[in-house]
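A single chain comes next, written as structure tokens; it is the form predicted on its own.
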């Protein structure tokens, strides 16, 4: 360093400067050698002091620190409006930080810098730190006679406060000061002095050491939505400087790739200004039309080249106003027509093909009471059913296992009575897939052809290759037929997803879904009224044979059947039946 300094100022450098330089660094060296051995003893004394405090002494430290601080700096009461429990927690963290500063200074500097940046957002005056340090040191001095512990506490807490003050001074930019006021006008005035090339950085990142804070995110989290809206509009404004154009879209999505999700959760009213900023419209019209540019790259693809989750986040917000925004319509249509449609169509066509194969194996080639299927028909049915078990059942099993594993890895689960349940099994479509998978597994275990494998050529009707009429399969036919019918119904329900290719059919399916809920409520109320009238009739002494019944429930079942006929069947038929053998009475006739 001496040689470098001497070479920089060769004309002004003389022996007096050299003597002064040597004297300065010799004193620094002597002071460092004196202090190098002290931290080891100081941290031991401080740790012993804090660990030997009783519960009463600890509570005294917690209370007296803030009591003395508020007496010394009354303005500090405006920034400590938390509960007593919270204040005690802050005091405990302060005492713990003084020990950690000795044990792990490097990590503590990073943590304190991050804490200082948060104090920037809280707009904490730096003038309050010296009184707080003095109050804490006075309290420690009042309950200990160990000078080394007191000096260690004073040195460590002073260093912590200096780091916090430096961080706050460096991070208190004019933008953060405007955010604290939540004034859109103040923010625009503050950012107007920044160069065009640095406006995005001023709004997106404030760095102190290795720590950084985003003014945009801080304004969203602190509720300063007026400033947040002004920031979004300023970032997404195109500015020109001679041959250079400045547009903060890339900087915004590079710094905060999850900004769409952040706005959907914490500031939904800012989604529309953000999407508006992704559109540029020319001020010049040609033949009644003008050029429009859509900047949707970051909505389609993330920084790593994968599909972005913007559409998923927007769909989860369930905001119809956002769904019809031109930017959302454009990039969702682009993803559908270029990528998603082909994968969806391939999966749906494969599912439709498996349904056709299932129909062939269960409904087309069937045996009746008067005829049996030949070996050719048995072979076709065997091939179709093997395809169903291998190509449909195994496919559904692998699909559901992958979804469950992905949900557990992502932590996307819900707990019912302490039991984690992946969210992939909570949607109606996935419930249908799980039901279909379950019925197919039951069918596979009850498959008559498999049970007849060892007795194909026995002495029974319909014997032959891949027969299903052997005596071993008779006991399994009932369960197999029921599950086959349920599977067929589920296949038809799940293939209704193909209605998405027609907006009219999709609207009709949606309306039917809403009507089914209302129909369920109606049937529930009807069952309640039938049960009410049936039990009421049972309590009446009567001689009506249609409402007479025996059993452990008495007349209730027969009464319910009679009331159901009166409420449902007779209005549909349009006349009442009499037990006297007479003609029916037509309600339409006088």
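Remember, it's a predicted structure, so these values are computed and weren't measured experimentally. Numbering follows the first chain given and starts at 1.
Another form exists, predicted in complex with a small molecule; not displayed. Remarks below refer to it.
Proximity to the small molecule in the model of the complex, defined as a heavy atom within 4.5 Å, singles out one entry of 80, 344, 508, 387, which is 80. Only one of 249, 275, 437, 124 lies close to the small molecule in the model of the complex, with a heavy atom inside 4.5 Å, and it is 124. Here the chain stands by itself, but in the model of the complex one stretch of 421-429, 184-192, 205-213, 128-136, 128-136, has heavy atoms within 4.5 Å of the small molecule. Within this chain, residue 118 lines the site of the small molecule in the model of the complex, having a heavy atom no more than 4.5 Å away. Although the partner is absent here, residue 290 is not a contact residue: none of its heavy atoms lies within 4.5 angstroms of the small molecule in the model of the complex. Contact between residue 338 and the small molecule in the model of the complex is not found at the 4.5 Å heavy atom cutoff. Proximity of residue 89 to the small molecule in the model of the complex falls within the 4.5 Å heavy atom cutoff. Residues 374, 465 and 474 are none of them found to lie within 4.5 Å of the small molecule in the model of the complex, as judged by heavy atom distances.
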